[in-house]
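Read the single chain below, which is given as structure tokens and is the form predicted on its own.
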Amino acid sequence: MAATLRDVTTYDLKLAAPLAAGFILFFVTPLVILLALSFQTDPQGGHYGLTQYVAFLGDSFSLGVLGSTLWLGVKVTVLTLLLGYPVAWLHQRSPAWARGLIMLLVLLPLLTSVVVRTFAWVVILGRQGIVNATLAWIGLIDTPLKLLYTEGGVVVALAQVQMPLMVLPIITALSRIDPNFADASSVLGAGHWRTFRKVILPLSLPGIVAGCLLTYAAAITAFITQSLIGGGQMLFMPMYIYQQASTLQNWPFAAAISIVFLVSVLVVVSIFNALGRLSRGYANA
């Protein structure tokens, strides 16, 4: 009797049970607890209602912190894209030995602790840091510029920290583009810039959208970098939540802030996902 062959492409759903249990235990359950906590009207937990959400949505200061955090993510994402796309383009146009070097430089931040990288930026942007020392040596400034504890410093530091999240998806998208497309465009009379604008850029849109999604989500939740580079002069949502929970011990309000922040991020992620579907359809057209 011939042996029955098993289809190796199908698996028993029971194999996913440990993963599902871990997901429920370590993600769904804490999220449900956080949601329940956000409905408490006071820290003692005697009553439940929408008091914390009304307090947040009715407070112009809290809404300002949320808006500044979301806008910070936009600025970091745009800067990272402007700096990261040329790096990904250079990686694809370089010989094999140079590609390895570029990839090492791209991945190097991921091999270093975020705390170490952030403290390095504290030294670089300080009044006696490399930037001010260089500008003074050239003669462009007489007194040190205030670069640390500014929003510009936070944007630059976050862009460098999150750079791999932007570059790697774009490299993947560029590597999937058939080189014959660019050759065909050149044969038809298009120059390098027109070929890039009409052929390469549209085909790399899925990688751009993926990189922007990862960079944005990581930038607005980067508690350490925002706190160390921004100092106490700027307040963003991660630090705001920390202050309410740890300093003021107002856990229900901190939970409500977290839920509002989570929903806001999910809305932005949904927009990026919609753009990603449109870009894939455009690239495949």
Partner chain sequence: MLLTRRNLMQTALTLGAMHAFPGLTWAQARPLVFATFTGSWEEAHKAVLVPAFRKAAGNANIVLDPMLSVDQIAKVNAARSNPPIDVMLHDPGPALQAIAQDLVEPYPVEKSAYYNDLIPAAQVPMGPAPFFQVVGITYNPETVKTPPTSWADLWKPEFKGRVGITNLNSTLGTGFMVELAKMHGGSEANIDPAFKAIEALRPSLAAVAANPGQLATLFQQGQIDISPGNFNAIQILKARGVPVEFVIPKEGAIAFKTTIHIVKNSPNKELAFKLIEAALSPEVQATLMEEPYLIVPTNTKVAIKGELAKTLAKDHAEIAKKFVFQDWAKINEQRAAWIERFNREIRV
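Treat the numbers as computed from the prediction; the structure is a model and nothing was measured. Residue numbers count along the first chain shown, from 1.
The discussion below concerns the form predicted together with the partner chain, not included here.
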Interface residue in the model of the complex among L57, V32, L50, L248, criterion: non-hydrogen atom within 4.5 angstroms of the partner chain: L248
So in the model of the complex, are S258, F261 and L266 all sitting within 4.5 Å of the partner chain, heavy atoms only? no
Is it the case that Q244, even though its partner is missing from this view, gets within 4.5 Å of the partner chain in the model of the complex, heavy atoms only? yes
Close approach of L37 to the partner chain in the model of the complex, 4.5 Å, heavy atom: no
Given that the partner chain is not shown alongside this chain, does V106 nevertheless sit within 4.5 Å of it in the model of the complex, heavy atom to heavy atom? no
So in the model of the complex, is the partner chain close enough to Q128 to count as touching (4.5 Å, heavy atoms)? yes
Candidate stretches 97 to 105, 167 to 175, 210 to 218, 141 to 149 - the one whose heavy atoms come within 4.5 Å of the partner chain in the model of the complex: 141 to 149
Any residue of 222 to 246 with a heavy atom within 4.5 Å of the partner chain in the model of the complex counts; write them all down in order. S227, L228, G231, G232, Q233, M234, L235, M239, Y240, Y242, Q243, Q244, S246
